[in-house]
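As a starting point, one isolated chain is supplied in C-alpha cells, in the form predicted on its own.
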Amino acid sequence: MQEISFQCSPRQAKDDDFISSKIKSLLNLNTEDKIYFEWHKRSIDARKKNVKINCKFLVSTDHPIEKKSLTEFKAPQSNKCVHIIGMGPAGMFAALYALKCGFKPIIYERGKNVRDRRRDLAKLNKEGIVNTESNYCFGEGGAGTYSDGKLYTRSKKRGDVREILNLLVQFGANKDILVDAHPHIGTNKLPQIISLINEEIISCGGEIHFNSKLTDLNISEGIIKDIIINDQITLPISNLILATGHSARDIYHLLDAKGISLTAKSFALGVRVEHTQDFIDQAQYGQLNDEFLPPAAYKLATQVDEKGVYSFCMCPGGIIAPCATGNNEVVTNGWSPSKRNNPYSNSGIVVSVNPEDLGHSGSPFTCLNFQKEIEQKAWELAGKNQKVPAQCLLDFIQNKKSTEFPRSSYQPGIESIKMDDLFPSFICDRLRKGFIEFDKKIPGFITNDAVLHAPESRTSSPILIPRDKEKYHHIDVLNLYPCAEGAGYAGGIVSAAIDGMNCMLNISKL
C-alpha cells in the first residue's frame, strides 16, 4: 500500500480512467497493469483563480484495498449505567462509547424526536411561533441536526476525528466526508443518520427519553445523589454527563443555584451576511457554473483593535434560519442541504467579546446577560415577532438605514434597521473595520446586494463550567461531567462528539 499525490483539474478528478492512468504513470507501470486505488484526501486549490484539485490516493498493486470493518455495539453484560442529559452529538457519541465500555446509557432530552421536531420548526419559520423546548437548538440530535452538518474541526489533539467520521459513515453519511478537506453532511441527510444512531443505542439496551427536562438535582458532599426530570421523576445516579448545548440557559441558572462553580466565558457576536452564491463562486473560482466544482465557500479573519473579527459557520448554497429558543428574542443561524444548491450563501461575521469588554463584575452571567439583551432588543426593533433586523452591507458601512433589499432567504421576513441601534459601538466599529479588510480579500464583498441579518449570537457558550483537565469531572462535583459546547469545551459536531466520548472514557476508568 502506498500514497500517491498529484494535482489535476476538477473535471479530471471526476474521471476514474484519468486517475488510474495518472497513478500508473507516476508508478512507472504499464497501461495494462492492474491497480487498486481509493481516495484518501481531496481539497480545492483556487489560488490565482486557476482551480485545481489536490488529490491523494491509497494505491495497491497486488490486492484490493480492505474495507474498514464496522464497529459493533453490544448490550452491556453488567448493571453499570451512565445518565446523559442532552442528545446532541456529545450525548449521542457518549452513549455509543458507553456501549463499547460495557455501560448502559440512559439519555434524557428536553426536546422531541426529529420527526415531531420538524413540525415545530415549520411553525417557527411560517408563523413565528417559538416552542421553547423544541426548536433549532433543542431536540433529537441537538443544534447540529438542522444545520449544514459541517464536520471540519481543529480539535485533532483531543481525540480520533477519523473514528467519529467512520461512525457517521457507518450510520449513513456519504463516504466523501472521509476524504474532503472540509466535509459536511447536509441538513436533509442528518436527521436520518441521527435516527439510525439512536435506534442502535436502543437496540443495545440503552434508553432514550424525549420531552424529559432536567429540572433539579440533589448534591451531598460533592456528589450528585439524584436528578429530577420534569419536576416529577427522581432518579438516583452514579455519574452524570451534562451535554445540554450552548443554549440551555436554565441549566446554568440551576447549577448556580446549587452552588456549582461557573465562570463567564468569551464568545462571539455579530451578524449573518447573505450574498448570492454566483458572486461567491466568481470571487473564489473566477468562473461560474462549473458542474465539477462544489459551491464555493470562504473563510475570513482579521484583527481589529487586537480583537478577532471572523467568518463563522459559512453556508454555501444555504438559508438563514430563525434559531430563537425563547419568546421575546431573535436569533439567526445558517444551514445548507447536502448539495448546497440554494442560490444564496450566508456566513456569520462576528466579533470576539470578552467579559472585560462588558465591565465584568465577576458574575458568571456577564456575557450571557449581554447576549440575552441583544437578542431581546433585536426582537423589539424588528416588530416583536420573528422577523429579523436587517441592513444592506454598504448602507451599514455608511451608517444609513436601508430603504430596499435585494432579497433574503430568512423565511419569517426582515425589518429594516440601523445596526448601530442594535449593537453597542464597539461591536459596530469592529464589524465595519473587519468588513473593509474582507473587501480587500474578496473585492466587491461590500455591496448593497449583500444583506446583514442580526444577531448571530449563539456562536458558543458564554459560560464555562470548569472541570478537571485530565479526568473531565467538575472541579467541585466529582460525578458531574460537563461536556462539549454547553460547558465551553467544544465547537461543532465532531469536537462535541469527541468530547462526549472522552467524558465517557474517563467514567469507564473509575
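Residue numbers here begin at 1 and follow the sequence given. Because the structure is a prediction, the values reported are computed rather than measured.
Heads up, the form predicted together with a small molecule isn't pictured, but that's what we're talking about next.
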(message) Among the candidate stretches 213 to 221, 399 to 407, 381 to 389, 168 to 176, which one is within 4.5 Å of the small molecule in the model of the complex when only heavy atoms are counted?
(response) 213 to 221
(request) May I ask you to check whether Leu255 falls inside a 4.5 Å heavy atom distance of the small molecule in the model of the complex? (result) no
(message) With a cut-off of 4.5 Å between heavy atoms, is Asn346 one of the residues that contacts the small molecule in the model of the complex?
(response) no
(message) With a cut-off of 4.5 Å between heavy atoms, is Met87 one of the residues that contacts the small molecule in the model of the complex?
(response) yes
(request) Classify His83 as contacting or not contacting the small molecule in the model of the complex by the rule of any non-hydrogen atom within 4.5 angstroms, answering yes or no. (result) no
(request) Work out which of Ile201, Ile194, Cys137, Val351 lies within 4.5 Å of the small molecule in the model of the complex, going by heavy atoms. (result) Cys137
